[in-house]
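Have a look below at one chain only, the form predicted on its own, in structure tokens format.
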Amino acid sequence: MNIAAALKELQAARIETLAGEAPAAFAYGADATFRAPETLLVVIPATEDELIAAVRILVKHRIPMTPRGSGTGTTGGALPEKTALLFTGRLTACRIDAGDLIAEVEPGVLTGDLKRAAEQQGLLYPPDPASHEYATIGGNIATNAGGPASLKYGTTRDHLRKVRLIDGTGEVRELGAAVHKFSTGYFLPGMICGSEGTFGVVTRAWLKLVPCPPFSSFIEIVAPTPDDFSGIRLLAPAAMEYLDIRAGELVTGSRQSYLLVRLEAFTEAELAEQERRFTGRLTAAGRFFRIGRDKKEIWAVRELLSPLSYQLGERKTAQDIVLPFSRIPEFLQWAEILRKRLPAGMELFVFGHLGDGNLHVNLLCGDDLAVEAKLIQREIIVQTRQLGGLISGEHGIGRERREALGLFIDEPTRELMRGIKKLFDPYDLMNPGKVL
């Protein structure tokens, strides 16, 4: 590894760089884990060609690298650990092909900007992670990001049709095709999605779009029961979000849980029929609920939750577990028991995408309870495994969860995963140490 030689070559190619010890390098490398990045150097390409050239230079000098967008990840997947940082935030080209229902984008495009570009042509890019206004498509692909819309439309993986990837040998590969169905050999984009940059760097992506339903309605249900979970899910809403009693109290001041539902339709009559079916069921069950067409009014409790959560403690750790739908009530009951035995100064609340079983379990405390918090997180992980769940649905493994991965994926399977990575990255230069 010859950093000085690589830096000289990058500068000769007129690719912007920063030394790892430069003050600005910390800002490029820091993420939502609040861990200190260990950055060898920062590379800031302005075009796709520059990104490819930069990767090839780093590969040539055997310098490990971590691709990076906005740094919104919560698991340390894009945190440099004695690696070069490849900042892709300047690669923001975005083209909407309305005829083929395809978006062609560079990795630095913000998810919110892509959604707005599609909406201008009456189309929808469905994945909607909470960070969509400042998270990039490259990061979404790295973690297979989802959000509330996953219940109806699926996650990023369900919309990724083709990627251009430069791997750990410096080879540029085009995987998949810009079509809506694929049964022509192995569908490799699905494997790239969720690999957290450990196979290579995505330089361009082609994403499936869908027609945008023009009509929507929102329902807020107070103090829902497990029967409400299953009954409402069978009515096929577009989204189902849940807040437990502590999350509800944080936002409203009232110690109540909430179930939030979104309905979508292409005609007013279709939406009215959906509203009739949902409200009829809730009325028959004796539930207290509100319904309306204004998302900000009805879903305010969901929109305000994440920003308000930091009032509960300076240290926040979270799991985005996935459970079989039938085991969610059991987990929520267990979490309530766990909450009652937490030490003073520690808070626990659960919210998330109940419709597809993806719950965000948040633990907040001061730095003085860091050891206790780690033990509680371990309990949450073990309970998830016992209920047949997984450790992550949309945030990834990164560095924060790699020690727990063995509880969910057996060693022969992990060895197979290492073998696949080696095919793309024989020198272990692509985000080394992450995931596996």
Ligand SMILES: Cc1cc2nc3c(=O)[nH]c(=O)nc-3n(C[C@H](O)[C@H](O)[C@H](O)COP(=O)(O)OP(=O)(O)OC[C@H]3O[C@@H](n4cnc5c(N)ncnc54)[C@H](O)[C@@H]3O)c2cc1C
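Owing to the predicted nature of the structure, the values given are computational and were not obtained by experimental measurement. Just count from 1 along the sequence shown to find any residue number.
One more form of this protein exists, namely the form predicted in complex with the ligand; it is left out here, but the text below deals with it.
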Contact with the ligand in the predicted complex, heavy atom within 4.5 Å, among Pro224, Pro126, Gly168, Pro129 goes to Pro129
May I ask you to state whether Ser306 is within 4.5 Å of the ligand in the predicted complex, using heavy atom distances? yes
With a 4.5 Å heavy atom cut-off, would you call Phe215 a contact of the ligand in the predicted complex? no
Contact flag, Ser70 vs the ligand in the predicted complex, heavy atom cut 4.5 Å: yes
Using 4.5 Å between non-hydrogen atoms, is Thr317 touching the ligand in the predicted complex? no
Looking at 329-337, 137-145, 288-296, 95-103, which lies within 4.5 angstroms of the ligand in the predicted complex, counting heavy atoms? 137-145
Stretch 269-290 - residues with a heavy atom within 4.5 Å of the ligand in the predicted complex: none
